[in-house]
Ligand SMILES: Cc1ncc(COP(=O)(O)O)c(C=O)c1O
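Below you will find one chain, with nothing else, as structure tokens; this is the form predicted on its own, and questions on how it binds or moves follow later.
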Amino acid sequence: MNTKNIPLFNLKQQHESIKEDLNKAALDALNSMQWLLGPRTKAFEENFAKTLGAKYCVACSSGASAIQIALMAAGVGRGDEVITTPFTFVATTTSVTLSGADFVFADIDPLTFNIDPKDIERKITKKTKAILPVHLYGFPADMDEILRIAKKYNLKVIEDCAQSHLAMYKNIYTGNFGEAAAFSFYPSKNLGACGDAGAVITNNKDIADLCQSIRHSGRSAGKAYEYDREGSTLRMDEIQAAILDVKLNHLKKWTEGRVQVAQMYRKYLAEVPQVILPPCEQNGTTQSYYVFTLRVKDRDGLSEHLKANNIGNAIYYPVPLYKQPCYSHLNINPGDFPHTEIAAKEVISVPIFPELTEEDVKIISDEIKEFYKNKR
């Protein structure tokens, strides 16, 4: 048995490496007595937008609220339909519902696990207002085709970039393709806060202005008690902004570390016939590797074997959204999404973080090989 404990994520190791800077930034924000929409939030917004090559960033309370705000700012609301994927975290769809719209599912591409543009086009109706692609696991969706469809049918595109910090599609960072994009800074994300936080990225000033209003109760610009619309209290606090601004300085280096770990996995698992590796980067499309997700035979058996050998792993996602109890009223036929059904039974994510060593990757890979060797 492997005696070394290898977690799926190792937030402590990363935190310890920059703890003094984080502590100072958080304490300075705390002692400033300006805890909401202050200079630290503005600084992070400017720096994050600059990092992604975008014009505007609007910080908010979570990745889920970022999707909701972005949809509302793009004019999506009651009576509208938003086409998205059933193979994602539930916040994608709950945010559509909170915007007032209804979501419609399109199946996924079996190679990338991202929404399939061909099925998007099949699901368009007179009520369709927007497409909400998710760059799952940090691998960019097929934005050329999605944008072609959006232009053809006059639809909005809002990107869910919760897992794709610094991923690139044809040498452009995800988040720059649609009307707006939503990012999550949940602690385990490639850029993680010390709590909940999120942001909307856009290159459209009107949408940026609307996002700023919606996150702040619908308040009119420059007015204390005038409200142009209904919004909510979806702001990021100054302490999280200060923490994220410190971490942002390390994001490119951390992303390079994740890519190096992914290359190690490709080397050690290349000859395992029961394992299908994530698609490789090509033509300027690069992954951020939020997780390293394999498609495998006997997924549940492998998961238990890895756990028994002190190796963290997780399944993103074992239950398609249309099978969730909260959506039972939709009466969706699972047979409508065959690729999603198969993926939910075969995917498994193994540890990937910048501090992972080649020895760690070899131990994990050897345990995967050992599991399948014993099943012959």
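Computed from a predicted model, the values in this text were never measured in an experiment. Residue indices: 1-based, along the sequence shown.
Only in words, not in the display: the form predicted together with this ligand, which the text now covers.
With this ligand left out of view, the stretch that reaches within 4.5 Å of it through heavy atoms in the predicted bound form is, among 273-281, 159-167, 296-304, 232-240, 159-167. Taking A91, A193, M264, V104 one by one, only a single residue has any non-hydrogen atom within 4.5 Å of this ligand in the predicted bound form, and it is A91. For the candidate set W254, Y268, Y173, Y186, a heavy atom within 4.5 Å of this ligand in the predicted bound form is found for exactly one residue, namely Y186. Residue contact check for V350: none of its heavy atoms lie within 4.5 Å of this ligand in the predicted bound form. Among residues of the shown chain, A197 is one whose heavy atoms approach this ligand to within 4.5 Å in the predicted bound form.
Although the partner is absent from this view, Y317 contacts this ligand in the predicted bound form, with a non-hydrogen atom inside 4.5 angstroms. A residue is said to contact a partner when one of its heavy atoms sits within 4.5 Å of a partner heavy atom; V134 meets this definition for this ligand in the predicted bound form.
In sequence order, S62, G63, A64, I67 are the residues of 36-73 having a heavy atom within 4.5 Å of this ligand in the predicted bound form; the partner itself is omitted from this view.
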